[in-house]
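In structure tokens, one chain follows: the form predicted alone.
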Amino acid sequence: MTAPVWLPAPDPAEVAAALTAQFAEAHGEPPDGVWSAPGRVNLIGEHTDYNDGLCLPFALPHRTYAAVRVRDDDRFTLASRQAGMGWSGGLDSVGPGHPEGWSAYVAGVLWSLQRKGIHVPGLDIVVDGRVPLGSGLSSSAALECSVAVAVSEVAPDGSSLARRDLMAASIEAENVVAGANTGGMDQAVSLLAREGHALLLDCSDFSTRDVAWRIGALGWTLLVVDTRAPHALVDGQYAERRASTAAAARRLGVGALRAVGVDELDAALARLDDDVLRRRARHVVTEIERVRVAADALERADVDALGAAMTASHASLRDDYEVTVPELDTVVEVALAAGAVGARMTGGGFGGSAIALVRDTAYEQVAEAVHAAFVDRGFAAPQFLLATPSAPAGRTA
């Protein structure tokens, strides 16, 4: 049987040097700089962001890099080390549905910043994505935010942009131009994260609180398993879940399900005559409470309580929200049996990644068990990485 495949984060300086060289070869001179932004893993709090709820993500060491140079005209060229040439043109041609593909996430940020009154000069941009694609680890937000922080430095009036302005532009790019609904958690953590900390994010007002990753010093690590099951949020499933929770909130007479306290849940569910809406609402309300429990456990370095909240979250996502797939359920089942103290799917679901909280001395054993289970069940071979809370978007070179 083959061995597990690991995806270590590359050295940022090496990536920046290679990207600078490729940019210079393509454009005849080096870029003005290289900026980067992280992907994210969500420790707990899934499908709560668009319900004004709480979530607890942190930034990954895996990042997307953008080499950028200001042009002497108002045109833009986009290229990717992974996908080749993308869109080129002016911002007057950007809008909902155009350009298509990965270019939408970049052009959308430029378009949104211009709509906010920022003078965005013409730019040549070459990107290098090192966040695993389709893994549920937010490669799209990493792409958006790497370009957003670059514009904040190279645009003549970019210094007026706060991180939350860049976050708003990145969210608008994804929702409007790319047409992929997002609640904003991914962009928030990519821009606002703090190294060595998880980010407790309140999506009702995007206020944040850093929660120290003290358990790392106590011998615990977060194993991420990219199941390589297809993961896409633009196929209608995400939109359906979002619509269901909005419908439940309307029937309960609240602006968002965040307004329903866990102690009020039974009474609220009794007022919903649709079983699907009941289950969707139950997940959201209980998941918000699990985030509170998990954040408190992380602050106290109570690994057992944190692990229990993670595992309960997965059960709710599987049974009430119905966003897991067999590959995700297999990771959780096998990781727990192999010694993980907690495990759950992470991201939007319908594929993507799962996470397991394991001892530093046991992560290889857990990965081998998951890999073997995938082979036995005929799934595509998973890929593995270790997640440590990392730095936010910023200049790399």
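Worth saying up front: this structure is predicted, and the values here are computed from it rather than measured. Numbering starts at 1 and follows the sequence shown.
One more form of this protein, predicted in complex with a small molecule, exists but is not displayed; see below.
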- Task: With the small molecule left out of view, choose which of G348, G53, P31, G342 has a non-hydrogen atom within 4.5 angstroms of it in the predicted bound form.
- Result: G348
- Task: Quick one: from G86, G184, G129, G307, grab the residue that has a heavy atom within 4.5 Å of the small molecule in the predicted bound form.
- Result: G184
- Query: Are any of the heavy atoms in Y238 no more than 4.5 Å from a heavy atom of the small molecule in the predicted bound form?
  - Reply: yes
- Give a yes or no for G45: in the predicted bound form, does one of its heavy atoms lie within 4.5 Å of a heavy atom belonging to the small molecule? yes
- Query: Contact between R63 and the small molecule in the predicted bound form at 4.5 Å, heavy atoms?
  - Reply: no
- Would you point out which of 184-192, 75-83, 250-258, 108-116 contains residues with a non-hydrogen atom within 4.5 Å of the small molecule in the predicted bound form? 184-192
